[in-house]
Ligand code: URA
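This document starts with one chain, in the form predicted on its own, laid out as structure tokens.
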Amino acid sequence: MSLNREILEMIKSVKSLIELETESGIREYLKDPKDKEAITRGKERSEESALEEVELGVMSCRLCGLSKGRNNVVFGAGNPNAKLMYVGEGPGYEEDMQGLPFVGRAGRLLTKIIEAMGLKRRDVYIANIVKCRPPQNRNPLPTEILSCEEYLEKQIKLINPKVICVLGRIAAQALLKTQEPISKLRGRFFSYKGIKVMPTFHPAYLLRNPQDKRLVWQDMKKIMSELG
């Protein structure tokens, strides 16, 4: 093979690689393959893009009646590569108005819990079992939970956290497919598709029962130990 032909073949190989990476959402090409920081940035952009695609699907979703009364879809927020993911029940009034999870009184308490663990909200990912607010903040119905199940599954798969902390009875029972009360579930690790799951009390419950904050803190310490 002539030198010119070798060069042309090399150019074709590089071009094919660039096209493949572009389709995968990677926009930065490395001069040094040991540049781990740039690799991580490319991976984060790819996962953010994949999450955005799932979110677009939720925004057009009409699988259950909750879609009729929503102001905003509350998809989720946070680090797409988080080691710790929180999953609550569903959006409330403030969340529905802002389109963000856990921004009301319960959300402010959750933020304090996260910060007490030495983290920031931007370090974790926060989502809910259902993505639209149930009327008058009632519990989501089984059919509504089932309608949103695929979206949550995709979120968890893309984020791939080391630990999921489920907040409250509804979220714990939905994710773990159980009817056990939260009082019996909390404080123990379970498994969801190979990911460790720690159920605990919902921050809204703690606002009504502040004496149980110590129990939640025990659960958070177990999560911190698991995260190392």
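None of the values given here were measured: they were computed from a predicted structure. All residue numbers refer to positions in the sequence shown, first residue = 1.
The following text describes the form predicted together with this ligand, which does not appear among the structures shown.
Is this ligand in the model of the complex close enough to G57, K131 and Q155 that every residue in that trio has a heavy atom within 4.5 angstroms of it?
Negative, none of the three is within 4.5 Å.
Is there any non-hydrogen atom of Y125 lying within 4.5 Å of this ligand in the model of the complex?
Result no; Y125 lies far from this ligand in the model of the complex.
Is there a heavy atom of G92 no more than 4.5 Å from a heavy atom of this ligand in the model of the complex?
Close contact exists here: in the model of the complex, G92 approaches this ligand to within 4.5 Å, heavy atoms only.
Please run the contact check for F102 against this ligand in the model of the complex: heavy atoms, 4.5 angstroms, yes or no?
It does: once this ligand is placed as it appears in the model of the complex, F102 has a heavy atom within 4.5 Å of it.
H202: heavy atom within 4.5 Å of this ligand in the model of the complex?
Answer yes; at least one heavy atom of H202 falls within 4.5 Å of this ligand in the model of the complex.
Could you tell me which stretch in 94-102, 78-86, 111-119, 146-154 has residues with non-hydrogen atoms within 4.5 Å of this ligand in the model of the complex?
Selected stretch: 94-102.
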